[in-house]
Structure formats: C-alpha cells, structure tokens
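Here you get one chain, nothing else, as structure tokens; it is the form predicted on its own.
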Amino acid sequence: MKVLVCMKQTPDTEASIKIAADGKGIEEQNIKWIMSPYDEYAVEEAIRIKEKQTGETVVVTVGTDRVVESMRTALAMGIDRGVHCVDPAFLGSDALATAKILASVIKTENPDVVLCGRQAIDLDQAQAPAYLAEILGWPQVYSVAKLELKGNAAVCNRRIEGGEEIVETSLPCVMTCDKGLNEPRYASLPGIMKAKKKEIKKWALAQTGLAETDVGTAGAKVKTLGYLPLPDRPPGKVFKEMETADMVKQVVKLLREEAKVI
C-alpha cells in the first residue's frame, strides 16, 4: 500500500498577522510557520496505514525553501520520504494551479491513496483536494473521521449535519482528513535524527509537464486584489437610569433599526 500525503505550510494559529504595506499580502517576517493542523491528521493516518499493511508513505508540498522545515516534521513523525515542488514559476499559484502541480507528482508516484487535510487554516478554501480528484479522475471523500481499508476499497465515516454518513469507495482515491480521525503523534528524538537523512526530492516546472501559463500567477483563475483589515468594532451602548421595560424597548429598537438582526 502506497500512501501519498499532500501537505501545506501555514502561519501558526497564534501568529500575529499584519497586512503588508502594499496591501497585496501579509508581512511574513517573524511569523512562525507550521504544518497545517488538519494535514497532521493526514500524516498520522498515512503512517498508521503503513504500520498495518506495510508499504510506503510520501509527503508532497508546494512552496518556497521554508516549507522543508514542515516536511521534516512529517518525516520525523514517520513518513518515508518527501517531494518538494519548488520553482519560481509556481509563485502565486491558486488552488487549481496548485492541484495541477500536485497531480503531476501523483501521476508519477502512482499511490493507492492520497490523503489531504480537510482544509488549510490560512485561506480556509478546501478547494485543492476537489480539484486534484477531478484532474486525476479519482473519487473523493471529504471530511473523513474514520477510515478502514478493505482490499481495493475504503470505507469512510464522515460527519454531516445532524449525524454521520458511511460511504465506500474504490481505490485509488483522494480523501480529506478531519479532526477525530486519529491523534497525531509527536516526533521522537530518534525520528527527528532520522528525518535529517531522509530523501526530499525537488520537483520543478520541467518535471510537471505543465506550461508556465498553467501555474503561478499566469495560471491562477482566482486573483487576490488586496487585503483589508477588519473594521473597528463600534463602542457598546450602556443604558442607565431607565426602567427595565423601557430598556428592553430601546434594545429591541436598536437591534431592529441599527444592527438589523431582528
């Protein structure tokens, strides 16, 4: 069984995000970068599948040189090797362009299962896995909370509003991993030492078989026009020295006419 994990590096959830002076991005200096938390569930599940069925695990990511640190984290947890998609032409890729790059690696690696996080915590789009499945022509199961592999099929439990849905799909397939699927392990000291020697292969535009117009800003179908800070929260209103009935009427009036929530 060969399992491939698509991983993304994101700012730490506790990082203080500031908009860049040109309004086109964020200030990346002094930000701590981590593996997107939902991707940790994908990494852990890949390792557990290998432990049960043997085989090979591969982690793949698209990004600049800094993403190698997060790839090493996956390798320290127990992933066998990595593929780092890095090329100046990849800069500015949106979810679709990123999926095209990842698909080129997957077609070469030919895994039985592709695992992704449910969504990345920076943009919260949850689009790349769906694009990836469409490009590959594979089935996709979203938000998997329990996974059981049975021969050439996978039985997945996924949370839906008000209950749980159980679906079965053939392999190969793309699955996105949700919280509760497992409890990601911490990298051990021996694992960290071994990770330093594990292979991380570079994957550039030439290896993808794609044109420059397929990736980066040229290939992006969604373009970010700018970032804006949240508006300042207006001060609260305090009602004093009024009868309770009058205060209630005043609050209801403001909720209706100003807040427009009732």
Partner chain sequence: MYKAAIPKEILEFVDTVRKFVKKDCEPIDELIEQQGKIPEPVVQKVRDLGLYGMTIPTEYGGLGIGATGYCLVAKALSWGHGAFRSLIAVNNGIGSQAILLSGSEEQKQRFLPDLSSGKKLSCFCLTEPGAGSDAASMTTTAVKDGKFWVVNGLKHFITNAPIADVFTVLALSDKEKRTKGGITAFIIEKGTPGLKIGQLHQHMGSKAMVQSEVIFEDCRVPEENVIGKVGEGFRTAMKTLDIGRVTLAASCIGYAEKLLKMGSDYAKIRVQFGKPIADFQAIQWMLADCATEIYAADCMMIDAALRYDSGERQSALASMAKLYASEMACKVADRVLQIHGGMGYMVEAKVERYYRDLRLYRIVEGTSEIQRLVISRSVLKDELTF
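Computed from a predicted model, the values in this text were never measured in an experiment. Numbering follows the first chain given and starts at 1.
As for the form predicted in complex with its partner chain, it is not shown, yet the points below apply to it.
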{"property": "Lys196 within 4.5 Å of its partner chain in the model of the complex, heavy atoms", "result": "yes"}
{"property": "Lys32: touches its partner chain in the model of the complex, heavy atom cutoff 4.5 angstroms", "result": "yes"}
{"property": "Partner contact for Ala187 in the model of the complex: its partner chain, 4.5 angstroms, heavy atom", "result": "yes"}
{"property": "Contact flag, Glu14 vs its partner chain in the model of the complex, heavy atom cut 4.5 Å", "result": "yes"}
{"property": "Partner-contacting position among Leu91, Ile192, Leu123, Val155 - heavy atom within 4.5 Å of its partner chain in the model of the complex", "result": "Ile192"}
{"property": "Listed range touching its partner chain, judged in the model of the complex by heavy atoms within 4.5 Å, from 114-122, 179-187, 136-144, 157-165", "result": "179-187"}
